[in-house]
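Below, in structure tokens: the form predicted on its own, a single chain.
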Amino acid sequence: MQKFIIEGGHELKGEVAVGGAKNAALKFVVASMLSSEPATFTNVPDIEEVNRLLELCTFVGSEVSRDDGQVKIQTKEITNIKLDPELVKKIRVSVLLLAPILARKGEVHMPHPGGCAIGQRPIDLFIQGFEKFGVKVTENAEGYHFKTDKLRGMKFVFPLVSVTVTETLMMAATLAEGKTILKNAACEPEIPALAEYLNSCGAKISGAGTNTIEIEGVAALSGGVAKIMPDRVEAGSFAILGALCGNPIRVTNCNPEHLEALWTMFDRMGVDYKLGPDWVEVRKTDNLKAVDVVTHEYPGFITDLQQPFTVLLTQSKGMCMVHETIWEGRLFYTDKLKQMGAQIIMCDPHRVIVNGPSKLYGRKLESPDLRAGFALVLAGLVAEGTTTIENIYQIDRGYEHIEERLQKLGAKIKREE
């Protein structure tokens, strides 16, 4: 099993470019399967999550080719409606395949999906949504069986905001008979980007990016071409790295407008940063002020930046609370920061108190999930001594060649078997 060895305490300097958005690339790939015609996507990140999804698409019947950030995919026929449990358990977004397979074949056998262990993450909202489309859903020991003669337009009011369910139901509705209205829908930037791609293929979607999305079903979709948007989570992660040890770090190829909640927090803390049209430059600042943070759906503070931001709070002056409202159990990684010397008290599965600044020390740790794993990398870079992080497959799921990119900034980090 591969691991990272990090020698901490070094200032970092230079430029780092943001890659294509994981959470957009995954959805665009699945959206392509709504059509039998070919699709081409550029700026696709070379990460494990995308690789595993393309394996699953191939299993279902897609023809896939990759070359230097470009993915070409065509699903002339969906040949397998019983998804491979071994592939499904590797990625949570496998549940997205419900949309194209049900729209084109009317039946899916879906094992329990996998992904990061950051909470229960049930699929009950997916089930409720597809039942509104007229799908009959049954559960057995192997997973779920979805079956319908056709998808019919419907109105669905989300009891709680969900990005992945919003995207899945929106995709399915493009080929449903009649009109579908989704209320209390998620508004993340990846959703209007996905809608724009689908509309370029002949879909009729309006309102994406707002709380109410309307979709008029069409008989068929064509193929399409799209460039994957920059990854806002990666951009925010690198910006936080700059606040921790930048001298300075310039993050390029990003969209700063997607991270306004983070810049607001930086302002309150006293972080030294500058924004450009497609870049942000951040420098390590002494005497940062600790601030409370509450994760929230977009445009609030994104849950995927909570972990790296908490590392920044360990280096800030004062006591503050981190309140994770999206996933239960997503703060359990803070026990590993405590092992490094952070002063953190867990109040309950959703809240911790951080008291700083704390001197961090290198430790041997294991990455529990994607975002917490990157947070441990950040902690290792500012810690005194050597940090070893195992189970880095979790980090590779979302960050492309991360050690090479950090090395170019001057980080002492290497990958070992």
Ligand code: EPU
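The numbering used is simple: start at 1 and walk along the sequence shown. Keep in mind that this is a model prediction, so the values were computed, not measured.
Just so you know, the form predicted together with this ligand exists too; it's not on screen, but the next bit is about it.
Visitor: Among N23, D124 and V161, does every residue place a heavy atom within 4.5 Å of this ligand in the predicted complex?
Guide: Every residue of the spot touches this ligand in the predicted complex.
Visitor: Counting only heavy atoms and a 4.5 Å cutoff, which of 61-69, 377-385, 39-47, 364-372 contacts this ligand in the predicted complex?
Guide: Stretch with heavy atoms near the partner: 364-372.
Visitor: Would L194 show up as a contact with this ligand in the predicted complex if we use heavy atoms at 4.5 Å?
Guide: No - in the predicted complex, heavy atoms of L194 and this ligand never come within 4.5 Å of each other.
Visitor: Answer for I240 alone: is it within 4.5 Å of this ligand in the predicted complex, judged on heavy atom distances?
Guide: Residue-level check for I240: no, no contact with this ligand.
Visitor: Is T303 one of the residues lying within 4.5 Å of this ligand in the predicted complex, judged by heavy atom distances?
Guide: It does: once this ligand is placed as it appears in the predicted complex, T303 has a heavy atom within 4.5 Å of it.
Visitor: Determine whether any heavy atom of F332 comes within 4.5 Å of a heavy atom of this ligand in the predicted complex, and answer yes or no.
Guide: Because no heavy atom of F332 falls inside 4.5 Å of this ligand in the predicted complex, the answer is no.
Visitor: Please tell me which of V165, A235, L98, I213 lies within 4.5 Å of this ligand in the predicted complex, judged by heavy atoms.
Guide: None of the other options qualify; the answer is V165.
Visitor: Note which of A176, L288, V135, I326 lies within 4.5 Å of this ligand in the predicted complex, where distance is taken over heavy atoms; exactly one does.
Guide: Exactly one listed residue reaches within 4.5 Å, namely I326.
Visitor: So which bits of 383-417 sit within 4.5 Å of this ligand in the predicted complex, heavy atoms only?
Guide: Stretch hits: zero.
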